[in-house]
Every structure is written in structure tokens, then in C-alpha cells.
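Next up is one chain by itself, shown in C-alpha cells, the form predicted alone.
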């Protein structure tokens, strides 16, 4: 059962990013940073890893003169995270 867990979601921050994005259409960087109580660099690093796996889409824009980065879960990301959750649930049921 444990082999069905996705290593991409082992980190507390990545698990938090995905959990937040699964229930919100889009979330900006500062909101994620506050929700997950993490640093800029830590969040950026984990978001970049999830993006490179094709699990996140990153949107960069300027609001006024301030840069704004927001994230959205991809179809592949949603599928992979749901499989991960199913594996966790199965693991818990087989205790």
C-alpha cells in the first residue's frame, strides 16, 4: 500500500500547496505563504518542483507596479493528488 503514495507530496509544504489548490480555483503566493507559515524561498522552491512535475500552473502578472504570482492545480496534478489521497485512505483502512 505504501508504494502507492506519491513522493512528490511527502513534504508538508507540497501537501499544503496541493490541499489548498484542490479546494480553491487559484491562490496567490502571499496567501499560500501565510496559510502554510513558510518562507518565500521555501514556498517558491516547492511550488517550482510541483510545476516541473506538471501539477501546477503558475501565473505571473503585475497589479499596479507590484508583481503578483498565483497558482492553479492542473488536471494531471488533481489526478495525481487524488490518487495519493486514495492511497493514504487505503493505508489507514488496512491498519
Partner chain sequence: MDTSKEHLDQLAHIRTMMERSTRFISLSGLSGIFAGIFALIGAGFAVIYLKLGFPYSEYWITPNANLTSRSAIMKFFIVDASLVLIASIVVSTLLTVKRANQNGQQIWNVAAKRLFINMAIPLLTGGLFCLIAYYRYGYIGMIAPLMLIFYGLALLNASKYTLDDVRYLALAEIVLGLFAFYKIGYGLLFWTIGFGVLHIVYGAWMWIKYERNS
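Residue numbers count along the first chain shown, from 1. Given the structure is predicted, the values throughout are model-derived calculations rather than measurements.
From this point on, the text means the form predicted together with its partner chain, which you will not see here.
- The candidate spot formed by 12, 15 and 85 lies fully in contact with its partner chain in the predicted complex, as each residue has a heavy atom within 4.5 Å of it.
- Not displayed here, its partner chain is approached by residue 81 to within 4.5 Å at the level of heavy atoms in the predicted complex.
- In the predicted complex, its partner chain sits within 4.5 Å of a heavy atom belonging to residue 31.
- Taking non-hydrogen atoms only, residue 44 never approaches its partner chain to within 4.5 angstroms in the predicted complex.
- Its partner chain is not shown here, but in the predicted complex it comes within 4.5 Å of a heavy atom of residue 5.
- Shown without its partner, the chain has 23, 24, 31, 34, 35, 36 in segment 23-44 as residues with a non-hydrogen atom within 4.5 angstroms of its partner chain in the predicted complex.
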